[in-house]
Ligand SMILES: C[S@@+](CC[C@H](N)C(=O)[O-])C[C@H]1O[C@@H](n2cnc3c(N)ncnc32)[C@H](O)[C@@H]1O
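Only one chain is given next, in structure tokens, and it is the form predicted on its own.
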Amino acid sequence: MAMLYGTLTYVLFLGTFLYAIAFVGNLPVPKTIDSGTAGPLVPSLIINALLLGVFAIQHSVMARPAFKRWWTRIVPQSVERTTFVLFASLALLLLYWQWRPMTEIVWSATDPLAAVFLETISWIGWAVVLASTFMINHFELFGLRQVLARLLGRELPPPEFKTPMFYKAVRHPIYLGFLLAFWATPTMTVGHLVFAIATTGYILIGIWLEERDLIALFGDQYRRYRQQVSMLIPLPRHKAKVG
């Protein structure tokens, strides 16, 4: 049952992730960030802020170690991550469904080459997001490894600190990819700008919370990594301070 639950949730997540690309990029799907008839600005802004807030609160609260310790008294440890992924996917689906378009143009790239360049950057961003998940452990990140271990009766090894590939250049390549995907657009509407600003703010808060948890888990090993590698912008590595 856990394996079935994990597999179905992963399929739901995969569809939600692929729809996110279409939603943000205004690709031909039933609902996108700019599709539909725009309503009054203030009510639309309030509704969109609430939708973004639902996702941010769910994502931040359920990812915290204290919540996980409480939550795993109710749900088995093997499906804790799967349940997190399920709730995150449902929060995103709610956002796609209820998002209110705000279609006033903030900027628009009239040069075809500029438009292609921005679209390319956005696609690169999505590719960085997906590739970065596989550089750590894609299937553990989205709960499949845990339910498979439960099915096979195996114990998962303790968390191991590692910095493969993109993680040698920036500490948070997944977040960097999202920022590229959200901000690089040939036509920036008010609604898209609100989405980009809100998600950027959430990412910065999320990094602060995540790094606090990583320091608690890995201690000086992560502190040295944070001294040496920049957060989001690839920069030359710094030497760790001694003493």
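In this text, residue numbers run from 1 along the sequence as written. The structure displayed is predicted, hence computed values, not measured ones.
Although not depicted, the form predicted together with the ligand is the subject of the following passage.
Counting non-hydrogen atoms within 4.5 angstroms of the ligand in the predicted bound form, say which of I136, A115, A149, L95 makes the cut.
Of I136, A115, A149, L95, the residue with a heavy atom within 4.5 Å of the ligand in the predicted bound form is I136.
Note which of L214, L180, L45, V54 lies within 4.5 Å of the ligand in the predicted bound form, where distance is taken over heavy atoms; exactly one does.
Partner contact (heavy atom, 4.5 Å) among the options: L214.
Does any part of G143 reach within 4.5 Å of the ligand in the predicted bound form? Heavy atoms only, please.
Outside the cut-off, so no.
Does the ligand get within 4.5 angstroms of any non-hydrogen atom of W107 in the predicted bound form?
Although the ligand is absent here, W107 would stay clear of it in the predicted bound form, with no heavy atoms inside 4.5 Å.
Does Y175 reach the ligand in the predicted bound form if we count a contact as any heavy atom within 4.5 Å?
Yes, Y175 is a contact residue.
So in the predicted bound form, does any heavy atom of R154 sit within 4.5 Å of the ligand?
Residue-level check for R154: no, no contact with the ligand.
Between the ligand and F161, Y167 and E210, in the predicted bound form, does every residue show a non-hydrogen atom at 4.5 Å or closer?
Every residue of the spot touches the ligand in the predicted bound form.
Counting only non-hydrogen atoms, choose the one of 70-78, 119-127, 167-175, 96-104 that falls within 4.5 Å of the ligand in the predicted bound form.
Looking at the other structure, the answer is 167-175.
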